[in-house]
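Below sits a lone chain in structure tokens, taken as the form predicted alone.
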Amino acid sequence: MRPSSEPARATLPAEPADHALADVPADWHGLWAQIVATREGQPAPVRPRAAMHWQPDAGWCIQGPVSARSAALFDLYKPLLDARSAATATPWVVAQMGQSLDGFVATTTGDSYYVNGAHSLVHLHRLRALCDAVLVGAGTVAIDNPQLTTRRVYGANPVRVLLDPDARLDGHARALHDGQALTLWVCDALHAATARSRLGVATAAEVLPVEGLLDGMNGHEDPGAGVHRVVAALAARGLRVLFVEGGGVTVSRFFAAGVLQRLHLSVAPVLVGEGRRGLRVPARAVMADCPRPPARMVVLGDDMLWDLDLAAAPLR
């Protein structure tokens, strides 16, 4: 049975933004429509040249002719499809971080429009379409006020999760009020009443209190305890495939907690010099102890995306 928080079936936009990308091959759009249909357990709205089929020992595969570029994009999103189809209730988490060559997501003034290019932005929307929920931290909400929708691609909007342990947000974020998808304002149970009072009568939004969230985030317990509680609370709502979109602090917390199966690190050919840091990882004394997960590179316009398989090389 589909959880009540899962979005309705996708509809095909008249002109998805990815049609304007120069290096997206003609056969990709039919394949993407089939990927989204598979994600939702529905028949594909169009018949692509290459068909997807499930192999018990290999997951989702392509059968039929497909361009090299479409095959590379399919391989990038295949782990999300496999995770959804696997017969397990274990949460599966992917994170994405877009940053400059020198490791910043924004300037010192907080300007981040745009670190990465159009291809990386469309990639972000594809990840949203393939996950049950997209999660961002309170800092990202306060600075960027994101919509967290799939408006640039064919696919349903995910549940939107605003992680705000001490309820710092003022309750006016557009994701709490635009009604485009269910939004969960996640905070420590101690601050739930405050969050609810600020939320008022917003449509398609609710406060999700998590016991002990602040203690788990502030280092009063084992590192990552708060992150694990958030993942468990979302899984209890039927939200099992999660996408951590940002910002740098939030993605770094999920990385350090060891809950990420995949990390997409999109690096733009720009030098910021100083500003808001991107990914931060726990420091190691010697190189031999530094995580070196299996990785592959995918060109996204002018950006280079590193697809890191953290499940294959978990933090030690």
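All residue numbers refer to positions in the sequence shown, first residue = 1. Note that the structure is predicted; figures quoted are calculated from it, not measured.
The same protein also has a form predicted together with a small molecule, omitted here; what follows describes it.
Screening A51, V270, C290, V249 for any heavy atom within 4.5 Å of the small molecule in the model of the complex leaves a single hit, V249. Note on contacts: among R174, R168, H228, R196, the single residue with a heavy atom within 4.5 Å of the small molecule in the model of the complex is R168. In plain terms, the part of the chain that comes close to the small molecule in the model of the complex, with a heavy atom within 4.5 Å, is 140-148 out of 140-148, 231-239, 87-95, 74-82. With a 4.5 Å cutoff on heavy atoms, G212 does not count as touching the small molecule in the model of the complex; it lies far away. Taking the partner from elsewhere, R253 is found to have a heavy atom lying within 4.5 Å of the small molecule in the model of the complex. The shortest heavy atom separation between D164 and the small molecule in the model of the complex is within 4.5 Å. The small molecule in the model of the complex is not approached by L208, whose heavy atoms all lie more than 4.5 angstroms from it.
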